[in-house]
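One chain comes next, on its own, written as structure tokens: the form predicted on its own.
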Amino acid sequence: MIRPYFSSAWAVAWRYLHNLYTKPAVFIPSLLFPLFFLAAFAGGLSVVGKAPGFGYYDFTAFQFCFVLIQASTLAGVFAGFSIAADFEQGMGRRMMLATIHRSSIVVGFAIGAASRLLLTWVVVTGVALLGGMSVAGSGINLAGMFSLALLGNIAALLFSAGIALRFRSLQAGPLMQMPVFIILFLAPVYVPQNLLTGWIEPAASVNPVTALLNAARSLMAGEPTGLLAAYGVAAGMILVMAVWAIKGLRSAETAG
């Protein structure tokens, strides 16, 4: 039972990656997007790193952690676009007929979304290093940082999959993308959390992305803090979004 399940999932993942990498007009913009933010934030706002009380060892590394989380979560959202496109074009129904366990379709897209991250991570990290970013954390610290980004990717994929499976149309794209954008930019993007003031401070304090971002930055600096909270929040988001995606899959099954 396990082997056929993952065979189906790998087939869906392979198809997703094949379609992605054979269509540069689809893949290249999604790769350039995080590079734009890295250049805009780390370069254009570098003076912010000199603000009193900023405290972080390197402003480029500070912004790199946000761009890493952002690029990873948006990769999950873009996979949701592919799910919606497949159902809009009729391919989704064919996949549901061809698989015994239809949840393997969502798992396949999750594998594909995670796999596309490898190239994104390499490119974004390489550009950041060329731009002068210094790395204070150890290899284990960096592995923890990238694992948090991966968990964010999975949560975003499950969220967008739940919407895609309910609407089965690319017209639902804004419903997948906008909530993720909003929650990302309600986190401590430009300055550490302790420097936030006004209404953004309480918003960031209850934002689950804040825990991931703070932990990732602490790992990058080689001074891990808040890891238990970050991994707990990530696990909770994935659990909730998995239920959301499964219910969306049942909605798609009912629609036929």
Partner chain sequence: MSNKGAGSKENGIEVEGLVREFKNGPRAVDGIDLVVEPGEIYGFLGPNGAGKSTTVHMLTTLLPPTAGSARVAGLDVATQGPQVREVIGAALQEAALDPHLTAREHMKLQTSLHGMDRAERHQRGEELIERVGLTEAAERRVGDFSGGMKRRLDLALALVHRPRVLFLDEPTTGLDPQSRASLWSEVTRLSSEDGVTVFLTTQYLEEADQLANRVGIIDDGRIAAEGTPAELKAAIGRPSVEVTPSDGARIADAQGILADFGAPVPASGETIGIRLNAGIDGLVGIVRAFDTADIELASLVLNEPTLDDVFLAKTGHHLEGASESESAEMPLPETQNSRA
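For clarity, every value in this text was computed on a predicted model and none was experimentally measured. Residue numbers count along the first chain shown, from 1.
The same protein also has a form predicted in complex with the partner chain, omitted here; what follows describes it.
- Although the partner is absent here, A11 sits close enough that one of its heavy atoms falls within 4.5 Å of the partner chain in the model of the complex.
- Although the partner is absent here, R166 sits far enough away that none of its heavy atoms falls within 4.5 Å of the partner chain in the model of the complex.
- Contact between M96 and the partner chain in the model of the complex is found at the 4.5 Å heavy atom cutoff.
- Although the partner is absent from this view, I140 stays clear of the partner chain in the model of the complex, with no non-hydrogen atom inside 4.5 angstroms.
- Only one of 170 to 178, 142 to 150, 126 to 134, 87 to 95 lies within 4.5 Å of the partner chain in the model of the complex by heavy atoms, and it is 87 to 95.
- Taking the partner chain as positioned in the model of the complex, the residues of 6 to 28 that bring a heavy atom within 4.5 Å of it are, in sequence order, S7, S8, A11, V12, W14, R15, H18, N19, T22, K23.
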